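The structure tokens that follow cover one protein chain in two forms, given apart as structure 1 and structure 2.
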Structure 1
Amino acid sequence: MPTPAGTLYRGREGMWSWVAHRVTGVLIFFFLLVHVLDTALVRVSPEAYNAVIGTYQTPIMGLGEAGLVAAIVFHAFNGVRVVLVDFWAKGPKYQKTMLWVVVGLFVVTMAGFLPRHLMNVFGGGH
């Protein structure tokens, strides 16, 4: 379905950044529920905690962690953009520019994070 002409919001950058913010927020929330449960295993026994954390150190989970970090980095930077749109007088005017700044910062942050993390995961540190 083509985007109706004259629509300033629907189908444009503003809408898609909102969708991505929503999806990443929910994703992080469900991760956090599981994450507090796995951390709680330190109260069961060192063996139980190490066994579960050991599964976080496999390559598959390593990729999952990269995805989680990507979700957080986007949600965090775009969250700052939302704050600026709401509180900075010129925020609404620059909302689109700021989205590209968010994307730029996202790329730079992930470029710093990924090599190091993937080396830890695949480099056979142990």
Structure 2
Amino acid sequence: MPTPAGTLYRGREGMWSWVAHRVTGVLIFFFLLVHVLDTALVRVSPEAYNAVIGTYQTPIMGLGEAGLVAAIVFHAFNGVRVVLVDFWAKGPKYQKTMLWVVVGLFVVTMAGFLPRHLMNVFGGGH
């Protein structure tokens, strides 16, 4: 089935990068909302704040932190790509190549971050 003409955001790489950019943006927004609320808790009840922070120090939340970093890294790199596609005259021509650059940068960045983070989460990084 041919891709409809007139937009980069229908089908294939352009559409999936658009979807991933929106999903990561929403996830980052919800993290920030929860972060502001749990930080505000310290003024209401320091004991409740400490209890909430204590629940964050689990392997499940450590994996969540890794997911958060992955979302931020992809969103940041892809955001630069979106700006280039929208404001650089040759951006649409190179949008697919730039997406693969984003994927490469994402993989390299996460490969540098994940091993050390996961060692800390699962007790090997003391």
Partner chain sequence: MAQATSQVTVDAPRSPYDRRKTTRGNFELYSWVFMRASGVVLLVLIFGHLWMNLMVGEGVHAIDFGFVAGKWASPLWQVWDLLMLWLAMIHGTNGVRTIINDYAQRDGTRMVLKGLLYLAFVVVVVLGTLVIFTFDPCPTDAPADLLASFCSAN
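For numbering, take structure 1's sequence and count from 1. Here the structure is a predicted model, which is why all the values come from computation and not from measurement. For clarity, a rigid core is taken as the largest C-alpha set superposing within 1.5 Å between two forms.
Structure 2 derives from the form predicted on its own, whereas structure 1 comes from the other one. In a rigid-core overlay of the protein, Val42 has its C-alpha displaced by at least 2 Å between structures 1 and 2.
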